[in-house]
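Okay, here we've got a single chain as structure tokens, the form predicted on its own, with questions on binding and movement later.
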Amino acid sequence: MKDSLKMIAVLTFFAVLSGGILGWFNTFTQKKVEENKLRELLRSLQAVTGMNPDTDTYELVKKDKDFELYKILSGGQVKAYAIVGEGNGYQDKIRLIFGVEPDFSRIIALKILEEKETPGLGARIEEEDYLNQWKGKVASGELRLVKTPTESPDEVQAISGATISSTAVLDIVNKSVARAKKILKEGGK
């Protein structure tokens, strides 16, 4: 009985000590984690909107669990919008960011933030050739997926062998554009 109490006391001591160390470490690193997230957001906004961090600013318009809308300002005027969207891919969630012209006429650029698609197939959504085809596409919320190369502004070519991943990216973009337009129409600025 005495050995059992001793063992319980030792285990309790180490559990409390470990929990305290983990809590301190979390508090200690939280600021760095937030700084890194902010730095990555700024890099992504620059990549998809051409934002100049020295002269342009950004404002968060709306943020939900799977959606974020930012406006990029230059001299007080809206230069572009950046939209972060998320949806289901083949394996897991796909999270992306893309920039659109202020009048939603065209997509400026698209970048994949997170994906866990099949390497060599669905993961090709991060390849430069695939991402470059999004530049200049119509930001109507009604883009279509095609299997053959296209120059049409309302069509995006699917990745051969990765139709589910290609469709997922297309759906995220279309739904995010429609959602952003609705928010702005309702006065989200």
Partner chain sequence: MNLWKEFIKGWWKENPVFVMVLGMCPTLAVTNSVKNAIGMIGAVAFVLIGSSFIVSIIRKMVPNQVRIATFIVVIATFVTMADRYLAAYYPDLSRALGPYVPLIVVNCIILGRQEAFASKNGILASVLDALGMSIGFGIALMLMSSVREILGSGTWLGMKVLGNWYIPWQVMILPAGAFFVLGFLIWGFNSVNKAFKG
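Remember, it's a predicted structure, so these values are computed and weren't measured experimentally. Rigid core: the largest C-alpha set superposing within 1.5 Å between the two forms. Residue numbers count along the first chain shown, from 1.
Heads up, the form predicted together with the partner chain isn't pictured, but that's what we're talking about next.
Exercise. Can you pick the stretch from 116-124, 154-162, 133-141, 57-65 whose heavy atoms fall within 4.5 Å of the partner chain in the model of the complex?
Worked result: Careful reading of the contacts points to 116-124.
Problem set entry | in the model of the complex, A178 touching the partner chain (heavy atom, 4.5 Å) | It does not: once the partner chain is placed as it appears in the model of the complex, A178 has no heavy atom within 4.5 Å of it.
For this session: Answer yes if any heavy atom of N52 is within 4.5 Å of a heavy atom of the partner chain in the model of the complex; otherwise answer no.
Result: Although the partner chain is absent here, N52 would stay clear of it in the model of the complex, with no heavy atoms inside 4.5 Å.
Exercise. Can any non-hydrogen atom of E40 be found within 4.5 angstroms of the partner chain in the model of the complex?
Worked result: So E40 counts as contacting the partner chain.
Exercise. Wondering, does K147 line up within 4.5 Å of the partner chain in the model of the complex on heavy atoms?
Worked result: No, no contact at 4.5 Å.
For this session: Sequence order please: the residues of 32-60 with a heavy atom within 4.5 Å of the partner chain in the model of the complex.
Result: If the 4.5 Å heavy-atom criterion is applied to the partner chain in the model of the complex, 32-60 yields K32, V33, N36, E40.
Problem set entry | Did A15 shift 2 Å or more between the shown form and the other one, C-alpha, core superposed | Yes, because once the rigid core is superposed, the C-alpha of A15 moves 2 Å or more between the shown form and the other one.
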